[in-house]
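One chain comes next, on its own, written as structure tokens: the form predicted on its own.
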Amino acid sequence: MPNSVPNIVIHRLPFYLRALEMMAENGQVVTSSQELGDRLGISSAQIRKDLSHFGEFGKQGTGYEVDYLRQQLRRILKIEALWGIAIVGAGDLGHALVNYAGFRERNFLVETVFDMDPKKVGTPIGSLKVEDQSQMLQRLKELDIKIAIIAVPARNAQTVAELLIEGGVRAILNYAPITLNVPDEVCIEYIDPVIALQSMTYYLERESMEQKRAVSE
């Protein structure tokens, strides 16, 4: 999705916002780029550079007002209002996502969940009932859903993505272990725990792990 601000900057903003939310909860009124950097493992210069893409939010010598910067980041990220979400896939992951309280706390509301399995259609998940995936296009348009989460097997994910886009979705969070082909105007993010684990094992010492396992046995 085209953007004049580098994507990596946009990806860091929610981390800044989360740190500010925690400060606000603790009653903190003022912070600095140095303090934010120390909390997040990012240089203060990088934080100042990132924020400069959107304006001037701090004062020389006094730093940032926590509440003001928090509200500005919420405005930039367009999360001042509630965003409806559709979830496709009513398996274990779909259940967990529907019941995740953190969405609502951050202005995201799961409004509908779909599945193609007749045995799942009509069954309750939290306050929702699983809807028939064959009705997805109509329901997406009725609810004016712009954000969706794909929680289906990899073999079905591309077809689901195409249906979501046809239904008006413009942002997709994909849990399926596959790279999807989507138009440039559609924003897509991937979450794959196995990929993350595989990248982390690079830093681990296999021999020490095997020794510990042998001792435990």
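Here the structure is a predicted model, which is why all the values come from computation and not from measurement. One-based numbering along the sequence shown.
One more form of this protein exists, namely the form predicted together with the DNA; it is left out here, but the text below deals with it.
*Each of S32, Q46 and S52 near the DNA in the model of the complex, meaning some heavy atom within 4.5 Å?*
Yes: S32, Q46 and S52 each sit within 4.5 Å of the DNA in the model of the complex.
*Looking at the partner-bound form in the model of the complex, is G58 within 4.5 Å of the DNA by any heavy atom?*
Although the DNA is absent here, G58 would touch it in the model of the complex, with heavy atoms inside 4.5 Å.
*asked:* Test of understanding: in the model of the complex, would N26 fall inside 4.5 Å of the DNA by heavy atoms?
replied: No, no contact at 4.5 Å.
*Considering only heavy atoms, tell me if G167 and the DNA come within 4.5 Å of each other in the model of the complex.*
No, G167 is distant from the partner.
*According to a 4.5 angstroms non-hydrogen atom cut-off, is G37 in contact with the DNA in the model of the complex?*
Outside the cut-off, so no.
*Which of 154-162, 63-71, 184-192, 170-178 has heavy atoms within 4.5 Å of the DNA in the model of the complex?*
Result of the contact check: 63-71.
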